[in-house]
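Only one chain is given next, in structure tokens, and it is the form predicted alone.
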Amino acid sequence: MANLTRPIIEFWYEFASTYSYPAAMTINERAASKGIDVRWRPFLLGPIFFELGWTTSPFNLQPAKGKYMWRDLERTCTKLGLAFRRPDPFPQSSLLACRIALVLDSETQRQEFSRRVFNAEFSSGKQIDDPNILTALLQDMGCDAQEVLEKALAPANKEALKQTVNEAQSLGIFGAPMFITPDRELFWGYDRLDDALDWACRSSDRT
């Protein structure tokens, strides 16, 4: 008997992650074309990197790799028709943006806010750790920005973010973007998005 429930793929992303930008701007449409829903999972890579002894992005720690990444990201954005501006500094602090994303009332709001943050950072070159910029993004969405910020900074949400990072580690997540299919297969990197969607379709067919 066919499974009538649409498969759901988890999209784990970090606002400071370069390749999370093109993933965030394209994943919903690409998933919908295959009959797949997307659950957006914002998290922080910093604590995971810290446990590895890294104090910054591996793209900073390995200059040759970083140089290649920036050029590759430019090519990727050009191919997709996305504006691109290299953030300065890099990586940006994504703590407040992530806390906000976690407390938004609906998946739709979380997705819209997240795309706006990525656009502000990688298209407009804005500082995503600036509360004024994040407040403006929320206001443009029609949200009560003050209420959202109060919830985002509440102790309960800070603990929720810690638990989210712990969950990411327990799943074996070590970078972003990461895509997790219904049968818990992990796919790392923007260039594995289509592979993850195809796998999600096949795993759904097998259930």
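The numbering used is simple: start at 1 and walk along the sequence shown. Just so we're clear, the structure is a prediction, and the values are computed from it rather than from any experiment.
Omitted from view is the form predicted in complex with a further copy of the same chain, to which the following refers.
- [ ] Kindly indicate whether Trp12, Arg30 and Gly35 are, all three, within 4.5 angstroms of a further copy of the same chain in the predicted bound form, using heavy atoms.
- [x] No, none of Trp12, Arg30 and Gly35 comes within 4.5 Å of a further copy of the same chain in the predicted bound form.
Open item on the list: Test of understanding: in the predicted bound form, would Phe50 fall inside 4.5 Å of a further copy of the same chain by heavy atoms?
Closed with: Flag for Phe50 set to no.
Open item on the list: Is Arg86 near a further copy of the same chain? Define near as a heavy atom within 4.5 Å, in the predicted bound form.
Closed with: Answer no; every heavy atom of Arg86 is more than 4.5 Å from a further copy of the same chain in the predicted bound form.
Task: Heavy atom of Lys65 within 4.5 Å of a further copy of the same chain in the predicted bound form - done: Although a further copy of the same chain is absent here, Lys65 would touch it in the predicted bound form, with heavy atoms inside 4.5 Å.
- [ ] Give a yes/no on whether Glu112 approaches a further copy of the same chain to within 4.5 Å in the predicted bound form, heavy atoms considered.
- [x] It does not: once a further copy of the same chain is placed as it appears in the predicted bound form, Glu112 has no heavy atom within 4.5 Å of it.
TODO: Given that the partner is absent here, state which listed stretch (38 to 46, 169 to 177, 134 to 142, 156 to 164) has heavy atoms within 4.5 Å of a further copy of the same chain in the predicted bound form.
DONE: Careful reading of the contacts points to 169 to 177.
TODO: Would you give me the residues of 187 to 203 that have any heavy atom within 4.5 Å of a further copy of the same chain in the predicted bound form, in order from first to last?
DONE: Counting only heavy atoms within 4.5 Å of a further copy of the same chain in the predicted bound form, the contacting residues of 187 to 203 are Phe187, Trp188, Asp191, Arg192, Asp195, Trp199.
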